[in-house]
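Okay, here we've got a single chain as structure tokens, the form predicted alone, with questions on binding and movement later.
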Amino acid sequence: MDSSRIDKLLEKYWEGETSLEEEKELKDYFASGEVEARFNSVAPLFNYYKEEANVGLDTFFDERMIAKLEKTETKRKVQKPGRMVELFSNIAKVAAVGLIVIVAGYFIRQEMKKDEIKPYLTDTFDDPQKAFEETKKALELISRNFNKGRKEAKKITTFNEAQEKVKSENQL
């Protein structure tokens, strides 16, 4: 088989883009025994696939499984509890749910009764002009750092473009 064809098929195989026919073609090539030396690193993989395809269950598998199943004992049926036990069980469930609701309501009510309600946000400046200046400083700092990040991202874009160019030249 043509080695350039094998190269193309292997490239497609590693990318996960081969069809079943192409994979069969690769498997047949590596099973033929006439593998070029440069493909020796890949040959064991395809030989492994070939060996694993032939692995199966032995003839006594079914018999052993049936024998094991017959040895296991069937579980005894559990008797249903009496009506009184069942009634008590249901009443206990309802009482437990009621108790949970009452306790939760109590704690929620205690939280709502607290006199002091703390605001989530508080002012840190008394003078609005001072607050405006501090906000302006913070936004300028964010802007400078954002622009630094954009410069670094531009470097990455340049690197990716160069990589694509090298890739396209290699494919030609």
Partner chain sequence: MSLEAFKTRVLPVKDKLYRFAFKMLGDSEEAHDTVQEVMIKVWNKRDEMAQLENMEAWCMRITRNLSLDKLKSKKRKLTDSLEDSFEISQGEDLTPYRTVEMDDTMKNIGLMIAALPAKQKQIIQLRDVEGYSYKEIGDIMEIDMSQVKVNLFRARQAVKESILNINSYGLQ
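The shown structure was predicted, so the numbers you read here are calculated from the model rather than taken from an experiment. Residue numbers count along the first chain shown, from 1.
This protein has a second form, the form predicted together with the partner chain, left out of what is shown; the following refers to that one.
- Within 4.5 Å of any heavy atom of the partner chain in the predicted bound form lies no heavy atom of Glu111.
- Within this chain, Gly33 is remote from the site of the partner chain in the predicted bound form, having no heavy atom within 4.5 Å.
- In the predicted bound form, the partner chain sits within 4.5 Å of a heavy atom of Glu23.
- Proximity of Trp14 to the partner chain in the predicted bound form: non-hydrogen atoms within 4.5 Å are present.
- Contact with the partner chain in the predicted bound form, judged by any heavy atom within 4.5 Å, is made by just one of Glu133, Glu140, Asp62, Asp28: Asp62.
- Contact annotation: of the candidates Phe146, Phe125, Tyr106, Tyr48, the single residue with a non-hydrogen atom within 4.5 angstroms of the partner chain in the predicted bound form is Tyr48.
- Taking the partner chain as it sits in the predicted bound form, the stretch 33-71 comes within 4.5 angstroms of it through a non-hydrogen atom at Asn40, Ser41, Pro44, Leu45, Asn47, Tyr48, Tyr49, Glu51, Glu52, Ala53, Asn54, Val55, Gly56, Leu57, Asp58, Phe61, Asp62, Arg64, Met65, Ile66, Lys68, Leu69, Glu70.
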